[in-house]
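First comes one chain, alone, set out as structure tokens in the form predicted alone.
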């Protein structure tokens, strides 16, 4: 640690390396968002409402398919509810109409009732602009780290501190 303090050029290079890693990750995320045409191209399943199709902690990859075809009944979509920050992963069970004005009704595979209780006040159906994307692939349980970090906020601080120390203390 003392050698880092004695050589400010090396410390600055290591901090720049750390910033480069963070900016590269951000650029990859934004690039993936543009390619998938989705503000959030990767999401984590936070609840058991879609079991057995998806388990809590599964990492889902989204694609905003409606460039080529419309959302179909049976398709698993991720949508945002007005006034809530957490996206919801559920299956389309009914569709009324066609095009951008089509009304969609969703339901979790493991839920008894449809999602009308989850929608915003006064909203009975979803429309296309509510949907973030359709699920095209997933990796089981990889997103469980995200769940742990959201349930235990102090872990974020510990992990960032460890990552920062590793970058600063590494030898080149």
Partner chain sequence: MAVSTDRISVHSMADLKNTSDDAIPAYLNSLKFTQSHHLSDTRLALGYSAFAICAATFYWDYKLGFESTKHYTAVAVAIYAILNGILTFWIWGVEKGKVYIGTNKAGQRIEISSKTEKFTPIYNLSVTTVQKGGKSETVSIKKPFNAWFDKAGHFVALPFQQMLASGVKIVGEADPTKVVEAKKKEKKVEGPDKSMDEKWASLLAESSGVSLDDVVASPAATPSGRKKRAKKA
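Residue numbers count along the first chain shown, from 1. Between two forms, the rigid core is defined as the largest C-alpha subset superposing within 1.5 Å. As the structure is a prediction and not an experimental result, all values here were calculated from the model.
Below, we turn to the form predicted together with the partner chain, even though it does not appear here.
Here the chain stands by itself, but in the model of the complex one stretch of 28-36, 52-60, 105-113, 136-144, 28-36, has heavy atoms within 4.5 Å of the partner chain.
The partner chain in the model of the complex is not approached by residue 157, whose heavy atoms all lie more than 4.5 angstroms from it. In the model of the complex, the partner chain sits within 4.5 Å of a heavy atom belonging to residue 9. Interface membership of residue 16, defined by any non-hydrogen atom within 4.5 Å of the partner chain in the model of the complex, is confirmed. Taking non-hydrogen atoms only, residue 162 never approaches the partner chain to within 4.5 angstroms in the model of the complex. Fitting the two forms on the rigid core leaves the C-alpha of residue 12 displaced by at least 2 angstroms between this form and the one not shown.
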